[in-house]
Every structure is written in structure tokens, then in C-alpha cells.
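One chain follows as C-alpha cells, the form predicted alone.
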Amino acid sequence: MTTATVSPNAAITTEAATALDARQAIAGRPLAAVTGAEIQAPLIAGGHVRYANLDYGASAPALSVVSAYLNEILPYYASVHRGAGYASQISTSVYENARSIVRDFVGGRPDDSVIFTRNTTDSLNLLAGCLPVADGRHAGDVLYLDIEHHANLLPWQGVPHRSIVAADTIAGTIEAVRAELEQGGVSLLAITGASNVTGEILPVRALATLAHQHGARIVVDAAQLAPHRRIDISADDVDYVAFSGHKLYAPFGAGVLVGRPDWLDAGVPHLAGGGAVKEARLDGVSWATGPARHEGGSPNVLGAATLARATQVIAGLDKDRWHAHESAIRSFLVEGLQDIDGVTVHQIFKDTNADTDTIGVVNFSVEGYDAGLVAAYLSAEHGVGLRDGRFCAHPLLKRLGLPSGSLRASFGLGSRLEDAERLLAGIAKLRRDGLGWDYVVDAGRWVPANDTRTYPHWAPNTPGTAGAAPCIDD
């Protein structure tokens, strides 16, 4: 199969051709239209090629439907909640209706709070400030795994906490969580829904049941899960869920926290400011309850509105077709990478199944090459964009034996099989022929030497001149 993918002149078996045709029928075209799908990327040696975006896990392109919706509501954008004007009334209606839409999207309970935030990181930090306190002390520890994104690791380090090392199987990990919960004293179990590094899905319902059996609540970091799987916090008995619009095909970087209101109504207001109060005095304040308590200042109206619209599109997808599209690309890519000498595909658990327990995220490394160099090569010579580094999950990368980082290809509704084919062809050529251009390290990042390509006239930098990027994988 892979020889046909990476080397058009190589022989291809009948079985491989049949498998490729089947996948092409399922995933040869995007499942949904996204903005920027036909961007032409300049190649270092000259010419252009359609940009193969395999970096959905960091920020997904906006759905075309969402972009159209933004253009429709943008003329009415105005202040919310206390504006008597026509545009303000419309903006308030759109903003507040977005809460109901998002609550429905995650299967929320009628009284669940829906709080709009900046991103998943912001949502989990907000929840960290709302943990129950008795007699001036936290009522229990937060328990989390070593495989978490920093968004679901760092907020808990400022409160009483425990961390445990996930086992090398999901079954073993569940037992490790059970054993720690049985020790008592845990108020909250914080887990990822799907690993942002490897795409492996955790059994949310089973973990929720465990938490509740031992008197704890559960929060799910669904930043990666929500764009790829249906979520139902009522059916799974999840107390809190957090995710981000920028991974869910919506612009403007809005996030959301949905969950039980009692902790949130009693917690420290996340942003002290206008809108979060019932009454402000020169020497004190009476705080509001409900979402307003944590949404001080002018809200991101357009971010919340486009996030809600994106959830409507995703909720309307045919589940079987959606998962088949993603599975066809993922299995094709995994099998192709595994067939290339010197390439290793990484995963956390030994008992995950590529078709049922993983989302559209594939992590790999290429023997003899720094991950950042491979990413720069794929971009410059093949027009492929993917992520390299430690993915804001440093403990996990260290555990996987990848302290300096690896590569991550991620994809979604706007992806097509040809994106994976291009990646495989580039990796196979690298292993066969080596680099086709000279590369240097500039400000901590690999870039092509003597790069004369230019950005659009409105972009401030030319390739190779920007500083090293911070960890922004919320």
C-alpha cells in the first residue's frame, strides 16, 4: 500500500490498490468546506502547491459556514446586556443564545452553567479557582495523569494535588486511578478526553463512574475530543467539560466551561470587573452568580457566537460518515509511516485500536533527524504543515523517550487523503534522498537557508525572521 503512496513508479499489489481505492472513496474529498482550503504555498525551489494543512490539532481552519455566519452577524456587533439600542439587543440575544446551543452540544443538564472563556487553559484555570474550601482549606485534592496537556496539569499545581503515572494500557490506567481514589481525599479527577500528542481516547464514562463512586467530581479537557467525537456529559455523568473554539473550526479564540453551577457560583470570580458584580462599593463588592460571575469585562461576543455556530454544524454531521472519513485518513497515514524504514509511530497505550479509540492525530519521529528540521523540510519542499516539538505535554514526551520532541500530523473535516499522501511522499523522499535544501537554525527554529520566498504584502514577517514560537497548543 505505502509503496504506491510514496513512489508512483513502484509496483502496487491488487490488494493495496483496492484498499487505496476504498479509502479514496471515503476520504478523497473534505467532509466539510473550510476557509483557506486552496491556499497556495510557495516551495523553496520555486513554484507553488496547495497547502496540505496537517496541523488541525493546534488550530483548525474555520468552517466556511461559520465564516459566512460571521459576515452575517458582524454588522450587528455591539455591546451586550445593558445596551438599549437595536444592535445591542441583537448582540445580546446572539451571545446568550450561544450558551444554550453549546449546552445542547455537550448534552448538558438544564441547570449547567455555560461560561465563555479565552480557551481551554482559561476554562481550567477558572475551575481551579472554584474548588470547594472548608474551614479555609481545600476540601480535597485534584488528581490527574502524567499524560495531560499543560492546560490540565499546571492549573492544579497551585492547589492540593496528586499526579499518577498512566499505565501502558488503558485498563491498567483505570486500575491506577481506582487505587488512588480508594486512598480517599480526592475532590476532583481531571483527565483529557483525547491525548493532544497521540490522539488516543480515554474511557470518560468509566472514569466518571469511578470518580463518583469515591466521592469525587470529574472534569474533562475536551479540547481535542470535541472536534472529533460527540460529547454527552449527561449520559457520561461528567461534571465539567472544557474546550476551545479555535480547535472546533471557529475563529477568535473563544473557549467554554460547562458544568455544575454550585462550585462555580461559590468560587472566586475569575476576572474582577464590570458585569461580574451585583453591587460595587469603594471598599467591597457583592458578586453575581451564574456565568456573569466569571465573565468580567466586555465578552468575546463574536467568538462565542461562532463557537456556537460551529457546534451546530458538527452536531449535524452524520456520525458514521464523519468517523469513517477520519479513520480512513488516519489508518492510511499510520500504515504508511510504519512501512517507511526509520520512522516510528508513537502511542501511549498498548491496548488502543486505530479505528475506534483514536482521533485524527498521529505522532511520529524520523530516525537521524531533529523533529523541527523535518517539519521545516516538509513545509519548504512539499507544502505540508504539521506540528513539531513537545506539544505542551513535557512529562508525556519525556516518558515516551522524546525529550527533544517529535512530529504530529493532525487533520479533520477539511482534510483529504491527498494530504496524507503528500506527507508520506515527503518522508519517503527524505529517507531515500535526504534534504533537498540547506537548513539553518534561526531564533531557535530550523528554516531554509537563503530563503527568498515572501509572505503576502499584509503579513509583517518574511520566512525565517520570526522569533521562536511559544507553547500555544491550548
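Start at 1 with the first residue shown and count on from there. Just so it is clear, the model here is predicted, and its values are computed rather than measured.
Just so you know, the form predicted together with a small molecule exists too; it's not on screen, but the next bit is about it.
Peer 1: Taking His228, Ala250 and Thr311 together, does each of them reach the small molecule in the model of the complex with some heavy atom inside 4.5 Å?
Peer 2: Per the other structure, none of His228, Ala250 and Thr311 touch the small molecule.
Peer 1: Using a 4.5 Å heavy atom cut-off, which stretch among 164 to 172, 101 to 109, 216 to 224, 127 to 135 contacts the small molecule in the model of the complex?
Peer 2: Comparing against the small molecule in the model of the complex, the contact stretch is 216 to 224.
Peer 1: Using a 4.5 Å cut on heavy atoms, which of Thr306, Ser379, Thr358, Thr192 is close to the small molecule in the model of the complex?
Peer 2: Contact residue from the list: Thr192.
Peer 1: Only one of Val384, Val374, Ala151, Ile348 gets a heavy atom within 4.5 Å of the small molecule in the model of the complex. Which one?
Peer 2: When the small molecule is considered in the model of the complex, the option within 4.5 Å is Ala151.
Peer 1: Taking heavy atoms and a 4.5 Å cut-off, does Thr120 contact the small molecule in the model of the complex?
Peer 2: Heavy-atom contact with the small molecule at 4.5 Å: present for Thr120.
Peer 1: Even though the small molecule is not shown here, does Asn363 get within 4.5 Å of it in the model of the complex, heavy atoms only?
Peer 2: Although the small molecule is absent here, Asn363 would stay clear of it in the model of the complex, with no heavy atoms inside 4.5 Å.
Peer 1: Check Gly412 for me: does it contact the small molecule in the model of the complex (non-hydrogen atoms, 4.5 angstroms)?
Peer 2: Residue-level check for Gly412: no, no contact with the small molecule.
Peer 1: Given that the partner is absent here, does Arg293 sit within 4.5 Å of the small molecule in the model of the complex, heavy atoms only?
Peer 2: Because no heavy atom of Arg293 falls inside 4.5 Å of the small molecule in the model of the complex, the answer is no.
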